[in-house]
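Just one chain is shown here, as structure tokens, and it is the form predicted on its own.
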Amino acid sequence: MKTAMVWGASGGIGSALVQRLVDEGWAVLSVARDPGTVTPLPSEVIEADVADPRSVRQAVARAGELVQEVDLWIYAVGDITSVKAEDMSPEDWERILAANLTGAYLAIHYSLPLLTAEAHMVFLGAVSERLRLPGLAAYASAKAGLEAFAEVLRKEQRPRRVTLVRPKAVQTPLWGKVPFSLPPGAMSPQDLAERVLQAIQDGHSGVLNL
């Protein structure tokens, strides 16, 4: 049985990915800031705050106690706010970058020793050029930075594979945090999870536009 580690397992996309992997027979380590909100089960649930290096390090150490190695590693943590740069507090800026970019670095930095030699790493990004709207400076910057980070990591970690997923709008609770309407044709988290898993099975590496 192969093992997957999903960061952000309590979110709309993260939980859909966990469910799809469980359905496919994977052993899943679900990482979340609030373990009590993680569904579905069964999966091993680990608590971690990706804004805190110590918490991330402890989460990976706990994962190492539960499994010998990880075949598939997914970062699906995310947060968003809609505040113009002149009104945004430094705390809000740091929070959005911590969830979408710095947390991704911390999570993979500490996780790499646990990954198999041919592990697949997946980062949930966004179609960044569509995000350059008033109020989204922090979110758009973080997702653009995540793309650059994932591309460099892909080159550094060969033969391991790295996929950066660039989905169109997905129906998740994050839309409740911004003053925009969900666009027509938005994907469900389940549809996204299905397409991501298919790409993983096909051996995808690089940018995946959905």
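In this text, residue numbers run from 1 along the sequence as written. Just so it is clear, the model here is predicted, and its values are computed rather than measured.
Below, we refer to the form predicted together with a small molecule, which is not included among the displayed structures.
**Prompt:** Any chance all of 76, 99 and 169 sit within 4.5 Å of the small molecule in the predicted bound form, going by non-hydrogen atoms?
**Reply:** Heavy-atom distance to the small molecule in the predicted bound form: all three under 4.5 Å.
The small molecule isn't shown here, but in the predicted bound form, which of 22-30, 152-160, 64-72, 46-54 has heavy atoms within 4.5 Å of it?
Flagged stretch: 46-54.
- Could you confirm whether residue 190 comes within 4.5 Å of the small molecule in the predicted bound form, counting heavy atoms only? Residue 190 lies outside the contact set for the small molecule.
Next item on the list: Indicate whether the small molecule has at least one heavy atom within 4.5 Å of a heavy atom of residue 185 in the predicted bound form.
Entry: Contact with the small molecule, no.
- Contact test in the predicted bound form: residue 173 vs the small molecule, heavy atoms, 4.5 Å: Residue 173: yes, in contact with the small molecule in the predicted bound form.
Quick one: is residue 13 in contact with the small molecule in the predicted bound form, heavy atoms, 4.5 Å cut-off?
-> Flag for residue 13 set to yes.
- Exactly one of 126, 136, 107, 121 has a non-hydrogen atom within 4.5 Å of the small molecule in the predicted bound form; which residue is it? That would be 126.
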